[in-house]
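Encoded as structure tokens, the following chain is the form predicted alone, with no partner shown.
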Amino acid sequence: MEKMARVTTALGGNTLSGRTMFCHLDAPANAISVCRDAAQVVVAGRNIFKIYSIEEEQFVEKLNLRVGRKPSLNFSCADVVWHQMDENLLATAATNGVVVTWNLGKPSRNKQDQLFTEHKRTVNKVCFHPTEVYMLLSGSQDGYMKCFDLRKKDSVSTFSGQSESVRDVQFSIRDYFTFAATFENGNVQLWDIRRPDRYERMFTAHNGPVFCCDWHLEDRGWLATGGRDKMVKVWDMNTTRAKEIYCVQTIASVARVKWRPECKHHIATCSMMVDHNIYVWDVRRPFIPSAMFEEHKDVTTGIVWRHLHDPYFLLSGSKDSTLYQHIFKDASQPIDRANPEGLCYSLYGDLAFAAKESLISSDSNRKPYIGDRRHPIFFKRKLDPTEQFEYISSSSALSVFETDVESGSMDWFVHTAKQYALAGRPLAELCDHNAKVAKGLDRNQVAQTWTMLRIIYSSLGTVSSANLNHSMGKGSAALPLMNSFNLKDIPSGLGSESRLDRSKGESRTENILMDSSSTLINNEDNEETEGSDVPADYLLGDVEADEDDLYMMDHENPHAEEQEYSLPQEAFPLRHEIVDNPSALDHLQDKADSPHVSGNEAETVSLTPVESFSLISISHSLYENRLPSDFFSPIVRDTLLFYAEQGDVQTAVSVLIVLGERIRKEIDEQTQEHWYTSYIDLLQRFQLWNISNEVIKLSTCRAINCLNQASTTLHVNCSNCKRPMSNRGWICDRCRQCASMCAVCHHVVKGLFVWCQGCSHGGHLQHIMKWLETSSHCPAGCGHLCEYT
């Protein structure tokens, strides 16, 4: 093992010295405890129960308490504690529900003293009174706590926590009669040993089981708790209600917490699973540990400071079958590897930037932040002069950049979230409604996006083609055309480039006239063509069609036209004479030869039948059967990615919900989940809880759907005896009364409950509303004039 630093500490007349060292155990340890003079440590587990002497260089085994040929389950220990008043007295919590005391002063090999077999299930914790020699407290999986007088054979009092199991019990160091107990349901109870019938105080400390607790060594009102929710919380019990004053977020379930001696704000923790390290936190700086011990290779099961007045020696046992003594000077410091820079936006658009003070102080142009609010300029940790190893001077300078109130306003986001419709209507109505909302907020691009989505994805088969173009000619926006132009739109002075395109009009016209599936739509607004300077032969020609003719192709049978194709005799088609070949429009020529029409009028009239409909008027219904909506899915996907990259995750998520399966397969699951979590976070920042819950319910991601189904705990107290109720039903186990009765129907309310804040009576929401429609007096008969608002 590498050479470690040696530490010597003077404690009154005693001297503690040593180094970081370890020894191998015969089996994994479940708990450890140290004797009063810090010279010995006891290690207990399922298959081990030994006492080791703590020498300067090593641990030396002194005594094995597992004696006999067939050790019973009484030796299988879940917890062990060494009395701090009597160095010969030990107590263990056995996995079979037995509490055992051990007297090391016995001359025989078997040091077992007394057995208490009153618990029905595993005992999780045992604790001696700090000043009373014969008082022992135990907490069991059966939900009961028992106080034993070691001079008697039976317990002197039993405390019922009204919960499934007790995970930890600890006597208060300063209050003689007080002890704390933690429970599986997340509650912490404070009891007076003189009153076993009812707890003095109860509060919910964690979301999930509370595995451990520890009273502060100096401040009588501070209680630290750790739970499965990965948090360590410090509670001030001096107030009438328990007040959370510090909270440390760890990375795994917290199995043990121990306040560090002589350091008021330092606390050591270890985890129940996943994380094998031991951390020492400064609760004033909860985001990064002050020190870390990384020696164990498996889960740490027990930690204890070697002496009540020495902050530099820490003992630990682990499932890797090792016992360690850690020296604080050898601990690693996570602050060495921490990033001193930080960046964060506030809800109002302000930007906070923190960096090393040395970097920012060199900037002569930087002005100090003198704001009216919220943040100091510098965060600096004061160094503890008594600390044996030096901390890095990890001070940071904070700059806050404020945004203009008007330019940074997010009112549009709130209004959009409240007014958007995401479900419950046909797709076309949802798109129209959301487009109208966006238009009303001057978000024209978003409004146009919703309109395009309606055109692409909504079904228009119910709209008659006869009325389609007529409605457009009147200015209606019911069905926009994909591509439409008339001869009136062509400029008069066409040059040579325009003449090259003359044949396109005829080719496109012939396709429309000959395709029986096409729809000819009359345009009543385009009948007069007098005064047009366009040559009459503009429509006639014989060259290939342009790309717009793709809309007229039969996509289901793309090779039909190829079979009828014959190789032309000439490389270039011969252009026929315009005057001598009017066969394309014979019926028009007859009309032009009428004696009632002049020559110039003939040219004009010859255009009238062609111009009576939009020359290329391919409506949605025309190409709907040719191009499926999947054709546009990549474009819609790119549109959503564009909005997300621009920061408008609201539009991306809203379109994703409205389109559903139409677009979901085009975007990977991870990207969708990222959009959903970002939008939900924004909604919750603006306290739009109902809308956030609606988005969670409508989402298609499994990870998002379960957000509102977890981490929700409802604590119900009996309205009669005020005791907490179990989750097994709606009848109180103690007073046998129903929890919440409706004053109208006299049945238990299991859904929405409304009550009068004046007289506290209430019931089902619908029943109370109906009652107050005809009467203003309380339905319970108390005479109070209730009012429903």
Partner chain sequence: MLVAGSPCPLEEHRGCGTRRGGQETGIKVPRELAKGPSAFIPLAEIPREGAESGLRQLLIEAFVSAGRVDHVAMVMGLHPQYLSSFWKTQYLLLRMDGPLPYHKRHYIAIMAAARHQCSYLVRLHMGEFLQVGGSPAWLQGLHCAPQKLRNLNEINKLLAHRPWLVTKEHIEALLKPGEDSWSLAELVQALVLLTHYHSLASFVFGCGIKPEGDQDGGNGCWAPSPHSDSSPGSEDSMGGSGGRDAMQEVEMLMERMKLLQENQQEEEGVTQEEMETRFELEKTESLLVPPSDILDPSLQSHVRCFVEDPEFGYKDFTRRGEQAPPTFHAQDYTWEDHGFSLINRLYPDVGQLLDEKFQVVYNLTYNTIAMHCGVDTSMLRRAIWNYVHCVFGIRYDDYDYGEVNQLLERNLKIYIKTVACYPEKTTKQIYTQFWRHFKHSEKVHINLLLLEARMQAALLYALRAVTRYMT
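Numbering follows the first chain given and starts at 1. These numbers were taken from a predicted model, which means no experiment stands behind them.
From this point on, the text means the form predicted in complex with its partner chain, which you will not see here.
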Seminar exercise, completed: The one option of 276, 260, 306, 206 with any heavy atom within 4.5 Å of its partner chain in the model of the complex is 276
Seminar exercise, completed: Exactly one of 672, 112, 651, 253 comes within 4.5 Å of its partner chain in the model of the complex through a heavy atom, and that residue is 253
Problem set entry | Partner-proximal stretch of 283 to 291, 429 to 437, 161 to 169, 214 to 222 relative to its partner chain in the model of the complex, 4.5 angstroms, heavy atom | 161 to 169
Exercise. Does its partner chain get within 4.5 angstroms of any non-hydrogen atom of residue 423 in the model of the complex?
Worked result: no
Exercise. Does the 4.5 Å heavy atom contact test between residue 415 and its partner chain in the model of the complex come out positive?
Worked result: no
Exercise. So in the model of the complex, does residue 319 come within 4.5 Å of its partner chain, heavy atom to heavy atom?
Worked result: yes
For this session: Determine whether any heavy atom of residue 633 comes within 4.5 Å of a heavy atom of its partner chain in the model of the complex, and answer yes or no.
Result: no
Exercise. If you look in the model of the complex, which residues in 102 to 132 sit within 4.5 Å of its partner chain (heavy atoms)?
Worked result: 117, 120, 121, 122
